[in-house]
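Here you get one chain, nothing else, as structure tokens; it is the form predicted on its own.
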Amino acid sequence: MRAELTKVWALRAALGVALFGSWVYATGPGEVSPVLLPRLELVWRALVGFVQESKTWEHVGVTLFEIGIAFLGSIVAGILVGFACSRTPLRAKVSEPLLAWGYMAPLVLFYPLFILWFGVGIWSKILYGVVSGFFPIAFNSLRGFQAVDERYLRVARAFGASPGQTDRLVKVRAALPMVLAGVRIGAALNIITVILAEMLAAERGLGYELAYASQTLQVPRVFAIIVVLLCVVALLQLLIQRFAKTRHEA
């Protein structure tokens, strides 16, 4: 096990070295235009400067707040709707294709409506993120609750479990793997759509800063902001994985 883990990390390190080596070559002997790919030292200076700016952490806070509220909203709405739609076969047949369609639809087409209805402030980003994360969570929750073996429910009722206890102790636990799979997908979509929405129309946030730097051709700053965004995304994904693992083990 330890040898395999060492091999995995060695391959990751080799990939990182190859990536940065290619970058150094491209911006040196490769003579790639700095408008397309700046030198690493310029990106590092831009990153240090960006992190030291006081307004940077305001933008980070705005983006994290929007993603966090969107994530919580999509979880609550998605699981409740998925559970409610699974209660009867008729509801499931009616709602499943609708949720699947919403899951696959290009929701970016509807973002102008969110701007029209809620303006360019944070609520258009939050509600857009809620909607984007809602469909995979609701769809997977519906499928998970539908897939619960009827024998488990009969055993629970035979031991005198009330409907509420059956739902909470049997259906929810049995459906948890599917629900958590939907939560992971929904979280990814929350992050993507909130940042994209900030890039398209916003007054604050990391997405807004990224779009502004790109429009003003501040290429090293663009790469620096991308690094910060990747760190934020990695942190959020780590927290979500830890939460999902804890819920699964419980």
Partner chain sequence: MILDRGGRSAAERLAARATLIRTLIIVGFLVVWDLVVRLDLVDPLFLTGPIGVVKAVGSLAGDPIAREAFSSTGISIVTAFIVGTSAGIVVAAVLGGSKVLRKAFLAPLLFILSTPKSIFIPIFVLVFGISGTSAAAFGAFEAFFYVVVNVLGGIELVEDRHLRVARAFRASRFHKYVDVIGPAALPGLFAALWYGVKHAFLGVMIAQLWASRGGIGDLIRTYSTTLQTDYVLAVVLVVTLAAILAGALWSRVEDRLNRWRGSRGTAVTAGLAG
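As the structure is a prediction and not an experimental result, all values here were calculated from the model. Residue numbers count along the first chain shown, from 1. The term rigid core refers to the maximal set of C-alpha atoms that superpose within 1.5 Å between the two forms.
Absent from the display: the form predicted together with the partner chain. The rest refers to it.
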In the predicted bound form, the one of 185, 64, 47, 26 near the partner chain [non-hydrogen atom within 4.5 angstroms]: 185
Contact residue in the predicted bound form, from 155, 147, 76, 104 (heavy atom within 4.5 Å of the partner chain): 104
The partner chain in the predicted bound form: contacted by all of 39, 80 and 179, heavy atom 4.5 Å: no
4.5 Å heavy atom contact, residue 211 and the partner chain in the predicted bound form: yes
Contact test in the predicted bound form: residue 90 vs the partner chain, heavy atoms, 4.5 Å: yes
Any non-hydrogen atom of residue 189 within 4.5 angstroms of the partner chain in the predicted bound form: yes
Proximity of residue 143 to the partner chain in the predicted bound form, heavy atoms at 4.5 Å: yes
Sequence-ordered residues of 184-223 touching the partner chain in the predicted bound form, heavy atom within 4.5 Å: 185, 189, 191, 192, 195, 196, 199, 200, 210, 211, 214, 215, 217, 219, 222, 223
Residue 34 C-alpha moves between the shown form and the other one by 2 Å or more, core aligned: yes
